[in-house]
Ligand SMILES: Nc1nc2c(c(=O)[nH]1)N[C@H]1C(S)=C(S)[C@@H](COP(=O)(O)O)O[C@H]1N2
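Take a look at this one chain, the form predicted on its own, written out in C-alpha cells.
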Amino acid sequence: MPRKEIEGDWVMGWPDRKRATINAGKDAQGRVINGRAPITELEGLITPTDAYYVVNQLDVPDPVHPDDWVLTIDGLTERPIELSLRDLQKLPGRTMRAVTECAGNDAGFFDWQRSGAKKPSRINQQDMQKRASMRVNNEMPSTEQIGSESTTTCAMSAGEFTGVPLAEVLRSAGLKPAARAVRLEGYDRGQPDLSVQYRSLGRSDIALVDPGVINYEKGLPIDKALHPDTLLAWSMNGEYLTHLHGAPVRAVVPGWSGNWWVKWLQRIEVMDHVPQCYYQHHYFVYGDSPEDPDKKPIMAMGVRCIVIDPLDEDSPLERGSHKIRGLAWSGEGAIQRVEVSVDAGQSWRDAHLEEPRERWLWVRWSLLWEVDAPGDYVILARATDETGRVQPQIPWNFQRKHFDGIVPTEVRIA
C-alpha cells in the first residue's frame, strides 16, 4: 500500500513522514495546555514551534489581543511607564537562540540513580492527559498515587527568539541606584496545585505552603535582568509568539530553566530586594530535604549531554557501522567537548561537535562506532562547557530539579 505523501495541501517528499508535534495534554475544553517534545524524531538545532514542549504552573489565561496589550514598568524607576507592543518594538531589538528546559525534566533519572527505580524512556511517553492534576476538591494525592506517576522527560526544546533586551526597557524607565531585582509578572493566575509539588517530592506526608490565588511571577537578580541576552520576546522561530508560548510577550532567560521564562507578561517591577515569590522560594528550590533551612532558588542549568540515537529500545542492532548521535548544552556556556564511551566508561573517545556552537544553544555531536563482536554494550556520553564544568554538576535534591547526570544507553549487538 503506498505511503501517504501529502499532508494537507503540501507534498511532503518523505514517505510516511509527518511534521513533528508535541505529545499534548488538554484541558476540559479540549485545548492543548502542555506537551513534551519528540526529541528523538527531530533533526537540526531548532525545535519546530508545533513540537516545542509546554509546561504551565497556573491556569492558562485567555488570550489578550496584541493591540490591547500593555506592559507596566514601575517600582524603583525614574519614570514609571506603560508600553504597548508597538512601543516595545521601537526599542533596539535582538535575536538570540537558546535551549528551554523544564527544571523537572528527567527527574526520574534521579530516582533511577538513587534507588534503582525503573529507568525512564524518552520515547515511551505516558499519555499527557493522564498527567492532569491529581488534586480533586482540594484532596492531596496518596503516596501510592504519587508512586504510580511516570516521570517527566522530553520537556526540553530549542528556539530562536526575537525581541528587545530587558536592559533596554529598564534603561528607558531609568533604574534607581538601589535596584537589586526585577519582578516579572504574568497575567496567568490561579491557585498552585500542590499535588505537582508532591509528585516532585515523591511523597505527600509533609505540609506545603499554599499561597492561595496568585499571578505567576519571578524575581530576577539585577545582574541577570541586565544581561544583554535576557529578552522580552514577541517572536519565536520567525513568527509572532503563539498564545500557548506566552503571547503577546514573554521573558527569555537563557541558561536558566523554563520556570524563569515568564509568559504573558503584564508588569515589570524594579525592587531593592529579591522578592519572596512562591515559585522561587517554596517551589523550584535546591535543598537536601523539605526541612533544609538553607534552601536556594534554582537558577542556571547544569551541563547536559544525551544520546538520541541509538536508544535502548532499538536493540538488537546489527554488527557493523553505527553513528552514535546526541545533543549537549549547558546553563553557563557553550559546549567545548563531548566524550563517548562504548564500554561502560572503561575508555573514552572525543565526539565530533557540529557547528554552530553557540553559548545558549545545544550542539549536535556524533561518533562513528564500528562494532564486530556480538554482545551487550553500554554507551555513555559526557560534556564539558567553556567554563570548564564537566557533566554532572547538579547533586540530588529533594525536589529533583536540574538533573544533568550521565545516563547509559544499553544496546545489544546481534
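When you see a residue number, it is the position in the sequence shown, counting from 1. Not measured: the values here are computed from a predicted model.
Although it is not shown, the form predicted in complex with the named molecule is what the next lines describe.
> For the three residues Tyr53, Leu58 and Gly258, verify that every one has a non-hydrogen atom within 4.5 Å of the named molecule in the predicted bound form; reply yes or no.
Contact check passed for all of Tyr53, Leu58 and Gly258.
> With the named molecule left out here, work out from 201-209, 329-337, 79-87, 261-269 which stretch has heavy atoms within 4.5 Å of it in the predicted bound form.
That would be stretch 261-269.
> Given that the named molecule is left out here, which of Lys295, His322, His245, His227 has a heavy atom within 4.5 Å of it in the predicted bound form?
Looking at Lys295, His322, His245, His227 one by one, just His245 meets the 4.5 Å heavy-atom criterion.
> To verify the annotation, which of these, Val253, Val99, Val169, Cys102, has a non-hydrogen atom within 4.5 Å of the named molecule in the predicted bound form?
Contact with the named molecule in the predicted bound form is made by Cys102 alone.
> In the predicted bound form, does Tyr216 come within 4.5 Å of the named molecule, counting heavy atoms only?
Answer yes; at least one heavy atom of Tyr216 falls within 4.5 Å of the named molecule in the predicted bound form.
> Counting only non-hydrogen atoms and a 4.5 angstroms cut-off, does Gly159 reach the named molecule in the predicted bound form?
Outside the cut-off, so no.
> Although the partner isn't part of this model, could you tell me whether Gly163 comes within 4.5 Å of the named molecule in the predicted bound form, counting any heavy atom of the residue?
It does not: once the named molecule is placed as it appears in the predicted bound form, Gly163 has no heavy atom within 4.5 Å of it.
> Under a 4.5 Å heavy atom criterion, is Asp188 part of the interface with the named molecule in the predicted bound form?
Flag for Asp188 set to yes.
> Going by the named molecule in the predicted bound form, which residues of 289-308 come within 4.5 Å of it through any heavy atom?
None of them.
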